[in-house]
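Just one chain follows, in the form predicted on its own, and it is written as structure tokens.
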Amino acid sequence: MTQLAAAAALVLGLSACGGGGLTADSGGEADDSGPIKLGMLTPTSGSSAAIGPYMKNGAQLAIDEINEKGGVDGRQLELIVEDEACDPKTAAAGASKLVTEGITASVGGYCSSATLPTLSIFDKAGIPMLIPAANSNDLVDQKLPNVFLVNGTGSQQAERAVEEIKAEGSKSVALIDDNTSYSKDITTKTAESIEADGSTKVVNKQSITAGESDYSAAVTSAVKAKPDFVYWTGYYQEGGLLIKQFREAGYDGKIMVADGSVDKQLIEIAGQDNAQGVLATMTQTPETIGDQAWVDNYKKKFNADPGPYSTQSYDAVRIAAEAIKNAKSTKGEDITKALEAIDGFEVFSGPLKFTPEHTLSAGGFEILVVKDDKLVLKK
């Protein structure tokens, strides 16, 4: 069963058994008194749990700033967070709970495979989604009117990856994914682009199973194909282990990881020496936005450093608030129209105007490189 088929089956299953209180006929109009509730699904458990606080705090920072200025149409904003655990079943249950909580918009979504089954849940409830991290093309291929991506798409990430592979003068590439919607999407698009370009060649392409403790078989298979460039598109837990095992196997070619692996734990798991020079495709991070005042505000408020997707989550809340303000309504259909009409609203990725597919016109992917114990912008 494909990822999408599994997601669809899960949603149907939830609907058939009542969906845990899913209010499919709510029409997306939340209570018009009290705070305007925004819901966030983010991993607070599981192997990607480190990302949850980054996203939650980024969103909360925006909410607090908006509330200090009087809120939206005189109403305060409130953030409600549920765990997605990078697991479709957990995410679907969390989405149903957020619907029953009466949220006006969703500002979450980290793992694409976990976000997929939530799309139709929020769509049936008439709730707009501003997805700050998940970026598989599968999300927008559903063509649901309520779905907007604040992050670049898998296609845009693959385009930037191929640019870097060519810039490094690579002639032979190994592509490795974890068979999830997000990861598979990037390797598929990258392979298609490489094949179309013809200047380099994919010599090894394989999928591993996330959560294992030894990927030596996959590493051995890749090394035998003699690639001069390896691109891993899954998450940091497996990415760190792969880097470690590639270096232990004597591989000294270039290694690049996708945005799901951009976290300091990638370096810790790989070992700092092994990780030096590893590249990454990534959208804006707190280290690359060039806004120290924003970083300082975050640190002062949460007594912690911001991390991956703090900025995108911050922007997702600001975009939602702008759309509600412009719509002069908390009705989902009105907010969706207001989101489609936004033109020039300043966010970290630049002036915002969604494409007809509700994606960003430019992915904004940059190349980072591991230097010492950090991922910094490649010069």
Partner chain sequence: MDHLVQLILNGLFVGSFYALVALGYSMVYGIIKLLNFAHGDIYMLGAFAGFAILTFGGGAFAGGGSLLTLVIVMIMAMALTGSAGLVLERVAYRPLRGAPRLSVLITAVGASFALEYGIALWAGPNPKVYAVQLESSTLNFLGARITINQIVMMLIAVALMVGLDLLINKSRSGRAMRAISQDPKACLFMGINVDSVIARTFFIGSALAGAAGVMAGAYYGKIDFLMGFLIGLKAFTAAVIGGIGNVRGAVLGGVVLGLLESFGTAFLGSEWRDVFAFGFLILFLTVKPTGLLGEKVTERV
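Positions refer to the first chain, counted from 1. Quick caveat, the model's predicted, so the values are computed rather than measured.
The discussion below concerns the form predicted together with the partner chain, not included here.
Peer 1: Honest question, do 78, 98 and 311 all end up within 4.5 Å of the partner chain in the predicted complex by heavy atom distance?
Peer 2: Contact check failed for every one of 78, 98 and 311.
Peer 1: Looking at heavy atoms inside 4.5 Å, which stretch does the partner chain contact in the predicted complex, given the options 112-120, 86-94, 218-226, 143-151?
Peer 2: The contacting stretch here is 218-226.
Peer 1: Is residue 188 near the partner chain? Define near as a heavy atom within 4.5 Å, in the predicted complex.
Peer 2: Residue 188: no, not in contact with the partner chain in the predicted complex.
Peer 1: Look up in the predicted complex whether residue 276 has a non-hydrogen atom within 4.5 angstroms of the partner chain, and give yes or no.
Peer 2: Because no heavy atom of residue 276 falls inside 4.5 Å of the partner chain in the predicted complex, the answer is no.
Peer 1: Does the 4.5 Å heavy atom contact test between residue 202 and the partner chain in the predicted complex come out positive?
Peer 2: It does not: once the partner chain is placed as it appears in the predicted complex, residue 202 has no heavy atom within 4.5 Å of it.
Peer 1: I'd like to know whether residue 230 contacts the partner chain in the predicted complex, with contact meaning heavy atoms within 4.5 angstroms.
Peer 2: Residue 230: no, not in contact with the partner chain in the predicted complex.
Peer 1: Which listed residue (256, 262, 241, 194) meets the criterion of a heavy atom within 4.5 Å of the partner chain in the predicted complex?
Peer 2: Only one listed residue qualifies here, and that residue is 241.
Peer 1: Which listed residue (297, 206, 172, 288) meets the criterion of a heavy atom within 4.5 Å of the partner chain in the predicted complex?
Peer 2: Answer to the contact question: 206.
Peer 1: Enumerate the residues of 340-361 that have a non-hydrogen atom within 4.5 Å of the partner chain in the predicted complex, in sequence order, or give none.
Peer 2: Nothing in this stretch is in contact.
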